[in-house]
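One chain follows as structure tokens, the form predicted alone.
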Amino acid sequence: MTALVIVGHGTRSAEGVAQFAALVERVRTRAGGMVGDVEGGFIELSRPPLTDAVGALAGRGHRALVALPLVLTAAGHGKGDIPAALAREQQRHPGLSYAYGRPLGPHPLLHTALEERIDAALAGADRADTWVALIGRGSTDPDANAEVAKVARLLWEGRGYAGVEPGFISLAEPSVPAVLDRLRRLGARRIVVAPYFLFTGVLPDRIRAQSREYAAAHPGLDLRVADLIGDCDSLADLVLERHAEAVRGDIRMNCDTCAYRVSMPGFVDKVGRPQTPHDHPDDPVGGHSHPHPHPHQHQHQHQHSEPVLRPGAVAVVGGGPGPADLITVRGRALLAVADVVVVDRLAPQELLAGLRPGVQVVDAAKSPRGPSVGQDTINTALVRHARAGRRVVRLKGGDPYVFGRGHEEVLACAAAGIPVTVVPGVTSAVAAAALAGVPVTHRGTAHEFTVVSGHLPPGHPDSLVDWAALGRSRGTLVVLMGVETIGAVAAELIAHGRAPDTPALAVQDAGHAGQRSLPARLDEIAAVAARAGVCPPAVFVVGPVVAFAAEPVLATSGH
């Protein structure tokens, strides 16, 4: 008899891992000798890893397996990530073969389970006056999202609900609030939110949280959340049914609308994308990645080092201190595959000329003390474009985590369920000084440096800077966004102990052909900068290291 390995994606939820393990045990019990052996493992995030599950079966002499992806819809994990991980197991265990089972849904057993969860939430209330919001995971694969819509329709047919509308918690529209708004406009007074998920995890928790928030904002609405499908007999029986299909070779996969095989509007980049490895963090090989694979290709090469920006994801990229050639290699590679670039004024504008044809550029226009786009508007734009399935790069000047509000954007994307990554950039706090021939630290001269924002002057009620401590400090001080406040900053530093003749330096347009470096005493730097017409972007450096600016250096700025 053919053994069965149940393959889960993985979750950071300990409860979700326990539910998966309970299902594996339930399948083992209900198999009743019809299955050679049963193990379960994850491709990431959770233990046990898939390699342990396959290794256990191989160690007991099994060479023919059914590998069943424990997924509700066929999307990236089922079409590519799991087959890639299984291909590696075949390399580890020569002679091992496997039949790949199809996804669990849509299936009447799941529809019945959903119906039971909805009825439990209704607690006897009339179905005819109840609308259901069926919330799936959401995917950058349109076929997977269409499957959720199909389940919603099948759940509606013949069950007597007022209506069933599909929605998604990440990567696809409509979102949970959007589908609830739609139902409310259709006249719904009672809504049951039904998560189309197997086990507890981050995303189901997010569905509950967003539902609670919506209910609190609409007190006249009777809003309830149904339980997940969970570990149950019907789910175990469906797993065994899929095992039996795979043994018979009865794998009725629908490839007519698979974006990995057929060019679909808005998803033409997916066709023929090569498959790459996907390893559990505990895998002895180490590391894993999430590129878009070709789902029907089981040979692969390791490409872990290649930066990947998936449709529906956001990368917050530091563009460096100004010149286009000082962006990181990874940042430039992500720009090369972007569909949308949301760009700041201080980001390297020359990079925009090298974008692919058709890339949408959104100007964030964040000018110092001038017209600018609000941060909430920027956050909304990132989420909106990502939910439309686009690759979004948020291109910022310097480093996104140094006075760049980068983490505010990361948090906004995370709250919306959008995958987001950060690519560090070279910060002008160090680069401007270096390009002017000044090291921020130097043996025997400065063993520390501090970077502060001069956007708020000393004494401002919202300032968090301990200016008194900086006045007493002997280290290097770098002031960003200080063109208008450098006079007040210098006076405050002198008042708390810095010598008036401490060397200071203003660096404007660092790294560009028009770079200017203006040295002065601390008590004179504001007047020198004003007479020279220094304007943003400019960086001020204070401390003994500034004396190095007068010494000859070899092509520090590259100009």
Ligand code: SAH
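Everything quoted here is computed from the prediction, not taken from an experiment. The first residue of the sequence shown is number 1, and the count goes up from there.
The same protein also exists as the form predicted together with ligand SAH; that form is not shown, yet it is the one meant from here on.
Asks: Please determine, with the chain shown alone, which of 182-190, 143-151, 401-409, 215-223 has non-hydrogen atoms within 4.5 Å of ligand SAH in the predicted bound form.
Replies: So the stretch in question is 401-409.
Asks: Going by heavy atom distances of 4.5 angstroms or less, which of 105, 76, 397, 204 would be at the interface with ligand SAH in the predicted bound form?
Replies: Looking at the other structure, the residue within range turns out to be 397.
Asks: Among 481, 337, 434, 162, which has at least one heavy atom within 4.5 Å of ligand SAH in the predicted bound form?
Replies: Comparing distances to ligand SAH in the predicted bound form, the residue within 4.5 Å is 481.
Asks: Classify residue 346 as contacting or not contacting ligand SAH in the predicted bound form by the rule of any non-hydrogen atom within 4.5 angstroms, answering yes or no.
Replies: Within the cut-off, so yes.
Asks: Is residue 512 one of the residues lying within 4.5 Å of ligand SAH in the predicted bound form, judged by heavy atom distances?
Replies: Residue 512: yes, in contact with ligand SAH in the predicted bound form.
Asks: Consider residue 68 of the chain shown here, and say whether it contacts ligand SAH in the predicted bound form, taking contact as heavy atoms within 4.5 Å.
Replies: Looking in the predicted bound form, residue contacts with ligand SAH do not include residue 68, since no heavy atom lies within 4.5 Å.
Asks: Does residue 136 reach ligand SAH in the predicted bound form if we count a contact as any heavy atom within 4.5 Å?
Replies: Result no; residue 136 lies far from ligand SAH in the predicted bound form.
Asks: Given a 4.5 Å distance limit between heavy atoms, list every residue of 523-547 close to ligand SAH in the predicted bound form, or none if there are none.
Replies: Result: 537, 538, 539.
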